[in-house]
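Only one chain is included here, represented as structure tokens and corresponding to the form predicted alone.
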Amino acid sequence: MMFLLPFLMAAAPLAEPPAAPVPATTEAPVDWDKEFGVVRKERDPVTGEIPVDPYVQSDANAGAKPYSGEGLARAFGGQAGIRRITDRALDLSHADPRIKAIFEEHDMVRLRRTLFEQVCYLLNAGCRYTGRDMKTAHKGLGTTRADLNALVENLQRAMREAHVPFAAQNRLLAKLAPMSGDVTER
């Protein structure tokens, strides 16, 4: 066996041969969005929102009639308090592993504005609702009852953190609950 070793060593190369140069490709990278017909809309330079198809703006699109009186608006801290609560609920939802995927490709600028307007309108805090109706606004999102429950939990947390009385929280949720059929698709 020992006498074969020199023959095997002689047959084995001592160094790897130099690698052939890889030819440089001059092809442009594939634009997969164009390839699959994905159209990216540019944000409005003033509002920062992504344009949507035209629709009739109406307070009726908010999904419910507002409460009368100013008591609920005060319980939520007026418009400033409502904005903090809706922003916090969206921040919690955007970070929530159960539902964050829904928000990743969403126009958060428009959503922040319209959710604030909706809650402000429903609580009779002096706002108009300029967003789309609930069914149109949520079409194609594929949201489930579990997704909606997670969102409501985040809204409840934001209201608790803002020290909104429990009875006032329930009154807002009572306005929102009947909309569940319009915002869920599965």
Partner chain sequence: MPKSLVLTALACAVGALVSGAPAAARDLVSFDSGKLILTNGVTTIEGSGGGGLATWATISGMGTDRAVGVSAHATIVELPDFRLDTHGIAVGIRDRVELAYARQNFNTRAVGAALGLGRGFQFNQDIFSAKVRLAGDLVYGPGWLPQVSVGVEHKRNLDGAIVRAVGAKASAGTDFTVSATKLFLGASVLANATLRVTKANQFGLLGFGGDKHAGRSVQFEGSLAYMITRRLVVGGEWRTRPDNLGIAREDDAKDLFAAWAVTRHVTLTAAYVDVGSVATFAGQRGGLLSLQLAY
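Remember, predicted model here, so these are calculated numbers, not experimental data. Positions refer to the first chain, counted from 1.
Keep in mind the form predicted together with its partner chain is missing from the figure; the text below concerns it.
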Q: Flag Leu141 as yes or no: does it have a non-hydrogen atom within 4.5 angstroms of any non-hydrogen atom of its partner chain in the model of the complex?
A: no
(Q) Considering non-hydrogen atoms and a 4.5 Å limit, does its partner chain approach Leu148 in the model of the complex? (A) yes
(Q) Within 4.5 Å, heavy atoms only: does Arg160 come near its partner chain in the model of the complex? (A) yes
(Q) in the model of the complex, is there a heavy atom of its partner chain that lies within 4.5 Å of any heavy atom of Thr130, even though the partner is absent here? (A) no
**Q.** Joint contact, Val152, Ser180 and Glu185 to its partner chain in the model of the complex, by non-hydrogen atom at 4.5 Å
**A.** yes
Q | Partner-facing stretch of 45-53, 152-160, 30-38, 116-124, counted where any non-hydrogen atom is within 4.5 angstroms of its partner chain in the model of the complex | A | 152-160
Q | Partner contacts for 87-109, taking its partner chain in the model of the complex and a 4.5 Å heavy atom cut-off | A | Arg98
